[in-house]
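A single chain comes next, written as structure tokens; it is the form predicted on its own.
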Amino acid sequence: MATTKTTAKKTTAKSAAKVTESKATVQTGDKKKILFVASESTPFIATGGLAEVIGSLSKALAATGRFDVRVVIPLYSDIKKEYRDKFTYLGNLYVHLAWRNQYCGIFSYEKDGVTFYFIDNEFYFKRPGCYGYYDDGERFAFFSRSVLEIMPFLNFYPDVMHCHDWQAALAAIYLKTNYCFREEYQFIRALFTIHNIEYQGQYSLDLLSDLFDIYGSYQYLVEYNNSINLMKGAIECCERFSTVSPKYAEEIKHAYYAHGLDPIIRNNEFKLCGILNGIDDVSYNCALDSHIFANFTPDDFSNKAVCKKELQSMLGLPQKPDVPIISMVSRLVSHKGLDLVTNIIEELLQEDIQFVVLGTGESHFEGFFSDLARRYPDKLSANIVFNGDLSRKIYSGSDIFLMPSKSEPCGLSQMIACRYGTVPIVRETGGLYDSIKPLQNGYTFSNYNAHDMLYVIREAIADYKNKKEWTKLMYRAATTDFSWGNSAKQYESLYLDMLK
């Protein structure tokens, strides 16, 4: 079912290929070629932390000057128009997937030293949002197959193809199955990164050939528990696989965290590693952020009091400078530790504190916090919305940030809070364990227990009253290095190790 390509600057496919080939020859030189395959990326489209990783890590790797970094994502209709209007149309081809022969348009855009490619097919991607459709399996099978098919057109065969989460898992699987006998593909190494093991790409086995174009001899790679499991297939096929924090890499070897994949993880742990994500420390900078009420620095937190006062005013809370604001910016779902919070929140509200919640999620949590806000209007503000601007105002105006997750592959919110001098309280799991250390830059508790959490919150409230020591803790939090520089060095080492 061929579709109409998106309107943009036109060149012929033939001349675009020549231009691309010439540029590749001039620019790459001895640089190692890295291709990120993902379902989303900042600044174009984002639904969560995955997009932040793709946009920021690719930029950090390109900045080293040692890599030719390129990213390929679908051309969703929700991609911001300010960028779509600047995309260059390179050409098109047809992608064969089982019994289908689908149009595939190719667009490009360069930003921060990274070349981004966009796969266009209006039948699959001209829809609101990125996920949640009945045919997501087919959509991302087409996308993954397209990634392999555009390589000859672009004359770009990466040294490492870095695939992210189940939506890109088939790119690694196809590379090592349907394409493994083609000479130009034989030296491409595949790295697969798990951002959240809960979402694995599971489908009925009877879809194997018709939907995914995988046939009997390769069935064993993706078959698991009498179904198709695309994440399992990518783990089996790739040279290496990784998670977004060292702690999470250890946790997913165990059934409590692995959502059924722990035997596969343990069988392949010889090629597993964990690298902690970073954050964009230019965007999240209290000295420069235009979203917050007043800018400040770790050397002078005086304007943080302005941020706090204005936040209280905005949310209808009493303006009390000496009362600590405890905040949560989170999806309101159970694995974020919301059941712990709901268990002790009324007990906590007896303390001299204010509590601010921002986020959307499961209806019973949304209703619970909305009801609390009506009952405790001077103590609690519930903001049941997704609002990036307000989140930054909360990060900068709060004193304590609560993140008691049951599981957390990496987490970004605790790092962002630190950047604004807001001291995090986290449970010791996944990336929370790796990024927050007790009394160095925050507070932690280990047991998944509501009153263990409450004990630590009360400890932080007591410490808050000692302004001299609290300011030192704020400084250590705000100056913790969460930049992508450290992570990029570890990925660089991993890529080079894979290419030995």
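Position 1 is the first residue in the sequence shown; the rest follow in order. Keep in mind that what you see is a predicted model, and the values were worked out from it rather than measured.
Heads up, the form predicted together with a small molecule isn't pictured, but that's what we're talking about next.
Engineer: Could you spot which one of 412, 114, 104, 235 gets a heavy atom to within 4.5 Å of the small molecule in the predicted bound form?
Structural biologist: That would be 412.
Engineer: Between the options 244, 426, 222, 252, which residue brings a heavy atom to within 4.5 Å of the small molecule in the predicted bound form?
Structural biologist: By the 4.5 Å heavy-atom cutoff, the listed residue in contact is 244.
Engineer: Name the stretch: of 433 to 441, 470 to 478, 449 to 457, 43 to 51, exactly one has residues whose heavy atoms fall within 4.5 Å of the small molecule in the predicted bound form.
Structural biologist: Correct option: 43 to 51.
Engineer: Is residue 196 a contact residue for the small molecule in the predicted bound form, using a 4.5 Å heavy atom cut-off?
Structural biologist: So residue 196 counts as contacting the small molecule.
Engineer: Looking at the partner-bound form in the predicted bound form, is residue 277 within 4.5 Å of the small molecule by any heavy atom?
Structural biologist: Yes, residue 277 is a contact residue.
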